[in-house]
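Just the one chain here, laid out as structure tokens, in the form predicted alone.
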């Protein structure tokens, strides 16, 4: 496959790409879902204005844009995940359009997951986009744009599916919340995850329970979470992080969010999540992680626990007013913890509940092997 430089994309699309690159570098776009939404919108514009005469050219254009965005903020894993998801959908639509739905459906892949899914069809199976037969002619010398004109309508629908999934991720994750939280339970959470917030509020419509929120220093995002849950009528207590282990014996369930979920079933989550998960394991308390499937990334934590993480301002831990002490110590303020798969019991996603051991299968179904390295 030939390499296509981002300069070959139309000027309007290139401007939107550079704008998002600038926002990512300056951390003007923060949060997995917001970054994923911005990425989908940019890719939709790139595809709509791109000129290509075969599928390899289109894939090369999108991969080039994806590399540009990922390099701008490598620690925002949802950007690369979204690019991989769009590439996966584009290849599916191309195969369906070029070979026909009958030919594509006749091909059966014999895997354990397919065998299980024969008895349990996925609830979010996407219906065929269109019954019309699309005639594709790649590398047409008489009309080089005929291929892109014929394929773009179904590609735009496929990208819209990815966008719709991101926009409804909170509702889809929390739709079965009442099955995971029971009356009079005590739930511990940490930080301010909007996915967990939506999950807990949805469960409150059916169950009466108590939430203990760790304040999550030094960012103290737990204060925002406690205020939001309390305003929704949920019995909420705010505790310092140092109390997590002491109160864990009274907790029935730990529910936390994730920044990124890795292929081995581990995850990056807000600082303090490792403390909560480790304390929960000692007390045999189940740890539940609420996260959209767009956070699943085909990467492994191959580095030291600090190696792939983000760091916040150290002055919030030890300020310059400490004087001589600042000169004698190195202060690390990691923004995320790496939580291993052995500390997590289940991931609740917009596509159902999955144990950490099944994450690799979900990644296999969501992304193509060729796109693991953009």
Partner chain sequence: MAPAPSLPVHPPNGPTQAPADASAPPQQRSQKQMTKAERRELQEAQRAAKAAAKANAAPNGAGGQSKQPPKAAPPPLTAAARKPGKLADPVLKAPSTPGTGRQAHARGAPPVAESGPPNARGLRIFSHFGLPKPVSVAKGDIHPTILRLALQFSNFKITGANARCIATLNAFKTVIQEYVTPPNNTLSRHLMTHLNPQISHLVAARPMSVTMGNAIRQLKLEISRMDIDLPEQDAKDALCQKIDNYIRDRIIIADQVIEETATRKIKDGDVILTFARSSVVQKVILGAMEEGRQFSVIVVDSRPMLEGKRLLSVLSSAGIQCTYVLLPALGSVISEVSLVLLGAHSIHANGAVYSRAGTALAAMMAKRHSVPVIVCCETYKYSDTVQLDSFTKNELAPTTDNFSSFPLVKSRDALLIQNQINLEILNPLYDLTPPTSITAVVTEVGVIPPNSISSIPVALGRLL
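Numbering follows the first chain given and starts at 1. These numbers were taken from a predicted model, which means no experiment stands behind them.
What follows is about the form predicted in complex with the partner chain, which we do not show.
Candidate site formed by 47, 68 and 164: none of these residues places a non-hydrogen atom within 4.5 angstroms of the partner chain in the predicted complex.
Checking 95, 242, 146, 176 against the partner chain in the predicted complex, a heavy atom within 4.5 Å turns up for just one residue: 242. Put simply, of 312, 325, 41, 30 only one has a heavy atom within 4.5 Å of the partner chain in the predicted complex, and it is 325.
When contacts are judged by a 4.5 Å heavy atom cut-off, residue 343 counts as touching the partner chain in the predicted complex. Using a 4.5 Å cutoff between non-hydrogen atoms, residue 272 counts as a contact of the partner chain in the predicted complex. Using a 4.5 angstroms threshold between heavy atoms, residue 156 stays clear of the partner chain in the predicted complex.
At the 4.5 Å threshold, heavy atoms of residue 237 reach the partner chain in the predicted complex. Only one segment in the set 258 to 266, 184 to 192, 78 to 86, 284 to 292 has residues whose heavy atoms sit within 4.5 Å of the partner chain in the predicted complex; it is 184 to 192. Residues 212, 215, 216, 217, 218, 219, 220, 223, 226, 227, 230, 233, 234, 235, 236, 237, 238, 239, 240, 241, 242, 243, 244, 245, 246, 247, 249, 250 are the members of 211 to 250 with a non-hydrogen atom no more than 4.5 angstroms from the partner chain in the predicted complex.
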